[in-house]
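Consider the single chain below, provided in structure tokens and representing the form predicted alone.
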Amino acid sequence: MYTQGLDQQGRPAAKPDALETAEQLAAFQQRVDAEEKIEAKDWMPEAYRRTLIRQMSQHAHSEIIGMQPEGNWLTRAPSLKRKAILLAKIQDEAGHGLYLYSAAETLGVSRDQMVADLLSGKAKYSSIFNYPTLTWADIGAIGWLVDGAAIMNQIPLCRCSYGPYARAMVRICKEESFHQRQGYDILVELCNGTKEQKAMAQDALDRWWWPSLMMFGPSDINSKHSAQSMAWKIKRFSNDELRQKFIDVTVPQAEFLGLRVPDDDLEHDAETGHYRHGEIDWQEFIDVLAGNGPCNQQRMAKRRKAHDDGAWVRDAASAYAAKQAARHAA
């Protein structure tokens, strides 16, 4: 078990303490059940802390890696307006990563460690960002489907039991809602354009639909973390519940665009009000997470290069901070 203290930078840091007792665990769960926010200096089970670090760091890594497939189209956006919108969106994603790294640091893990875990392959990021953006329609599909799925996942996180994470998600979700609208607007324009443009939109939907459904994670019966995360109110809904909600909302949007969802088994159940869908290829999901997706190696190679190229900035910032500290000490 760990209690929270402060590290040399004044941030909360973990320190070894006695074994967790049944009374401590029960009192903690009682606070969670009462909808109290857990803060950085509060006592928490070590497993709760580890779960949050894993989830928040993976979330932050996903925001940073997720800049790459969209950055691929910055110089090729079809108009200056579209380029400016896309640039603003990519900047938002960078900001989201910084919010999340900062929130995770309150749990006693350093940003350097989180980044090192990503670069070494120890830490994961969302599987969706290992797919290529082949056409401009893919940028619309990412906004509509990927950010739409992200919103389904992230809005409940605004009520996460861990205060710093919940507060970071409020602004992130507001900005993600604009990203989703931006993507859908691209597809509206393409679907109202030429036959070739609408075909391009259909092709993007065909390629991004199933990976978007995989974003919610494995089915509940195969998810290792869902039950405990829901008991701790880190998560509020199960993977399958969120996936179903996404499908129910998104299929009518596709119909409005005049596009066909690439699922022969898709059928609306009038009795339940939900759409029944086909089987997801979970082997593909496992392969991509294992590093065997279409763009895994490319994404990580670019991230490592960017990290190495930015070493001089980090060194300069550290030197300036040391100089300022010495000046204040004097």
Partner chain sequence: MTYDAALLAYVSRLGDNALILGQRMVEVVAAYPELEEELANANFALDYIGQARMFYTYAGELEGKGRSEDDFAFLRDENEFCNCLLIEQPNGHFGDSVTKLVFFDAFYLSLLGALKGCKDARIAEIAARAEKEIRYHLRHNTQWIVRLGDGTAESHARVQGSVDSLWKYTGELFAPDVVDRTFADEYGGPDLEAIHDQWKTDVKTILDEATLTMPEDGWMAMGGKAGRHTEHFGYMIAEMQYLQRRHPGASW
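Computed from a predicted structure; not experimentally measured. Numbering follows the first chain given and starts at 1.
Just so you know, the form predicted in complex with its partner chain exists too; it's not on screen, but the next bit is about it.
Stretch 192 to 200 is the answer when you ask which of 117 to 125, 192 to 200, 215 to 223, 151 to 159 has residues with heavy atoms within 4.5 Å of its partner chain in the model of the complex. Checked against its partner chain in the model of the complex, the candidates Val249, Ala77, Cys173, Met230 yield a single residue with a heavy atom inside 4.5 Å, and that residue is Ala77. Checked against its partner chain in the model of the complex, the candidates Asn296, Gln68, Gln55, Ser62 yield a single residue with a heavy atom inside 4.5 Å, and that residue is Gln68.
Among residues of the shown chain, His328 is not one whose heavy atoms approach its partner chain to within 4.5 Å in the model of the complex. In the model of the complex, no heavy atom of Arg276 sits within 4.5 Å of its partner chain. With a 4.5 Å cutoff on heavy atoms, His179 does not count as touching its partner chain in the model of the complex; it lies far away. Its partner chain in the model of the complex comes within 4.5 Å of no heavy atom belonging to Pro132. The three marked residues, Ala84, Gly310 and Lys323, each reach its partner chain in the model of the complex, with a heavy atom inside 4.5 Å. Annotation for 293 to 321: interface residues with its partner chain in the model of the complex are Lys302, Arg303, Ala306, Gly310, Trp312, Val313, Arg314, Asp315, Ala316, Ala317, Ala319, Tyr320 [heavy atom within 4.5 Å].
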